[in-house]
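In structure tokens, one chain follows: the form predicted alone.
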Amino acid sequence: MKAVVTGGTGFIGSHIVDLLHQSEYEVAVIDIQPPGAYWEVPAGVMVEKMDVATPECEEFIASYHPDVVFHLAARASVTDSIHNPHEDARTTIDGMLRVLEGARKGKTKKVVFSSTAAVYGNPSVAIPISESTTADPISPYGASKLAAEYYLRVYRDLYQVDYSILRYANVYGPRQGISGEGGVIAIFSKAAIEGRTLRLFGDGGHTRDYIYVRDVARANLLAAEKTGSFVLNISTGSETSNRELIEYIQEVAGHTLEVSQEAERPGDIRRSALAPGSALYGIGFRADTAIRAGLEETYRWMKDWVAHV
């Protein structure tokens, strides 16, 4: 089996590449960023440095003839999308079209797309949110991800390229940088290690459904191996508030942290948790890593990384 991973040198992508390599896939990575010092590219994995929104990306996928494309390349930040919506749309929407055209020409069987809870916005329905909830994004980031989802559906109907749309809750774990949609755990961990004040936006009551990155990588492989097209939440179904998160990190760090309370940021969703039942039924996926165990792994990794940079 041959796979292309766009964004494959990044946080989630590198974990997917590791798992694909262990599963004996032939793997090619497309990414505008070189592999970071935190990750050693597995032997035999091809890394092509290119922008996903360019003709070169489309041409490479078409010529590589992958069985599956894992499409992760994106500008994964709500805040950045508000400040620069044009660049967000270029990467997410133009990038999706380049991937789909490459997949169509290369006779690819399936595209697995890393989408997001941000497509739901601030729904009025009960939490956790199911896949049947009407999408109503409140940021350019969520809007461009939703547009990309619709392109997948069009290409399935026109060209029979199957898709798996995976709407992630907030992903965290080793190799995560201190920016991006789910970066608060990495930001808080790094600040705790360096003895800096934590910046808390809003009253601390904002909640997220945090899911460990290796669980997410496993979900991607399960989705790739399932026939047909579908949309699934990849989540735990549990809410953790920013206040609770600070308490957990203090426990893991073993000391009290200073906290600076600041104004709520525009575009921030108040509550978010995604119902995980369809993923269990559809692809046999269940998140195995409890948040406390995942935080300990993440904190250990961050401590080693900070010591070596």
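For clarity, every value in this text was computed on a predicted model and none was experimentally measured. Numbers follow the displayed sequence, beginning with 1.
The form predicted in complex with a small molecule exists for this protein as well; it is not shown, and the discussion that follows is about that form.
**Q** Would you classify Ala169 as touching the small molecule in the predicted complex, given a 4.5 Å non-hydrogen atom cut-off?
**A** Ala169 belongs to the contact set for the small molecule.
**Q** Determine whether any heavy atom of Thr91 comes within 4.5 Å of a heavy atom of the small molecule in the predicted complex, and answer yes or no.
**A** Taking the distances in the predicted complex, the answer for Thr91 is yes, it comes within 4.5 Å of the small molecule.
**Q** Counting only non-hydrogen atoms and a 4.5 angstroms cut-off, does Thr116 reach the small molecule in the predicted complex?
**A** Thr116: yes, in contact with the small molecule in the predicted complex.
**Q** Closest heavy atom of Glu58 to the small molecule in the predicted complex, within 4.5 Å or not?
**A** It does not: once the small molecule is placed as it appears in the predicted complex, Glu58 has no heavy atom within 4.5 Å of it.
**Q** Among the candidate stretches 122-130, 99-107, 185-193, 72-80, which one is within 4.5 Å of the small molecule in the predicted complex when only heavy atoms are counted?
**A** Heavy-atom contact with the partner occurs in 72-80.
**Q** I need to confirm a contact call. Of Val52, Val27, Leu245, Ala279, which residue comes within 4.5 Å of the small molecule in the predicted complex, counting heavy atoms only?
**A** Selected residue: Val52.
**Q** Just to confirm, with a 4.5 Å cut-off on non-hydrogen atoms, which of Ala275, Ile32, Ala253, Val45 contacts the small molecule in the predicted complex?
**A** When the small molecule is considered in the predicted complex, the option within 4.5 Å is Ile32.
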